[in-house]
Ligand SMILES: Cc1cc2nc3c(=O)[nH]c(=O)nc-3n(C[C@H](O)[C@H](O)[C@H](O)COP(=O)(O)OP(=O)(O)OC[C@H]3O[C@@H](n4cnc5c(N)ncnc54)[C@H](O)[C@@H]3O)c2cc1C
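Below you will find one chain, with nothing else, as structure tokens; this is the form predicted on its own, and questions on how it binds or moves follow later.
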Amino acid sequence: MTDVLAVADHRQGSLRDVSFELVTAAAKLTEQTSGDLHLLIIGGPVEEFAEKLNLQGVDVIHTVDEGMEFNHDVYVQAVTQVYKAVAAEYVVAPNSANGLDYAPAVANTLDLPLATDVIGLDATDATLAVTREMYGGKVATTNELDGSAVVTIRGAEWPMAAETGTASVKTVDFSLDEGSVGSRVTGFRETTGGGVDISEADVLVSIGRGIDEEENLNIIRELAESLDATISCSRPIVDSGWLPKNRQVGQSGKVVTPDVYLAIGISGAVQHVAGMKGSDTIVAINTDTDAPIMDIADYAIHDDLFDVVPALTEQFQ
């Protein structure tokens, strides 16, 4: 029996989607190891979070009511203490900004190996096989870790757990070493593009270099407005300065999982596909039938976007 400790992710009072994906990934591990899944919630409205994360597969939810926002030192201390207390073998954390902040420090403190940006987990006996992508997603490699380990999982690689569970909820008797806390979060400020978070959008209208000119963004905005959708893009659009960085989908941008992803003039480079392949329904508009995006699209429109987009807008208005 090998127990797993998964650490929930939240920001500004809301759970991140990856918290629910963590439950799916960690629950699969405990099925393989016949162990228990311990879920750790640190900070924020912990009682509300515990209720939402009481999902099938979770055995025990541990809460640490320490502050409302992420703090590196608090997370390192809390994860380390709970890991030792429950005698878990594996720590599963999100490959988010927060997860990548504290997971290496936890691994270093516990003297454990660390694997980041993991897209596959498979436990057999005392070995944990972790799959990661290399060379811009062109190659997937699997490495075996013997014994205990800390891993961070990529968002959108596992479905979000949704079925209500019967986990017990325990408040951790947390002992914080105040003297080691060297920083505090005092607020949030968006760096670019206002408060738009494309990772939270249900419908994305995404554009690539096929729109040719910045002025053509106008027909895209009209379509997005008619669909009540959010506009996103591939890297060339950001590099051209037509949209801010926070609109970029892909390995160097954001991972998105909308209900509908409408790819307009996007070829579908592996770096871009890595960020949107988890979309429920993918619709591609492209004149190039050999474009890679056509291979993964649920619906493909082989036509000129400058004819198709206005026609779609007219239909949806």
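As the structure is a computational prediction, the values presented were derived from the model and not from experiment. In this text, residue numbers run from 1 along the sequence as written.
The following text describes the form predicted together with the named molecule, which does not appear among the structures shown.
**Q.** Selected contact from Thr30, Asn54, Gln251, Thr63, since only one has a non-hydrogen atom within 4.5 angstroms of the named molecule in the predicted bound form
**A.** Checking each option against the named molecule in the predicted bound form, the one that comes within 4.5 Å is Gln251.
Q | Stretch in contact in the predicted bound form with the named molecule, which is absent here, among 281-289, 46-54, 30-38, 65-73 (heavy atoms within 4.5 Å) | A | Partner-contacting stretch among the options: 281-289.
Q.
Within 4.5 Å, heavy atoms only: does Val23 come near the named molecule in the predicted bound form?
A. No, Val23 sits far enough from the named molecule in the predicted bound form that none of its heavy atoms falls within 4.5 Å.
Q) Just to confirm, Ser232 within 4.5 Å of the named molecule in the predicted bound form by heavy atoms? A) It does not: once the named molecule is placed as it appears in the predicted bound form, Ser232 has no heavy atom within 4.5 Å of it.
Q) Quick one: does Asp298 come within 4.5 Å of the named molecule in the predicted bound form, counting heavy atoms only? A) Contact check for Asp298: no, nothing within 4.5 Å of the named molecule in the predicted bound form.
Q) Applying a 4.5 Å heavy atom distance criterion, does Ala269 contact the named molecule in the predicted bound form? A) Judged by the heavy-atom cut-off of 4.5 Å, Ala269 is in contact with the named molecule in the predicted bound form.
Q.
Just to make sure I understand: among 200-231, which residues lie within 4.5 Å of the named molecule in the predicted bound form, judging by heavy atoms?
A. Sequence-ordered list: Gly208, Arg209, Gly210.
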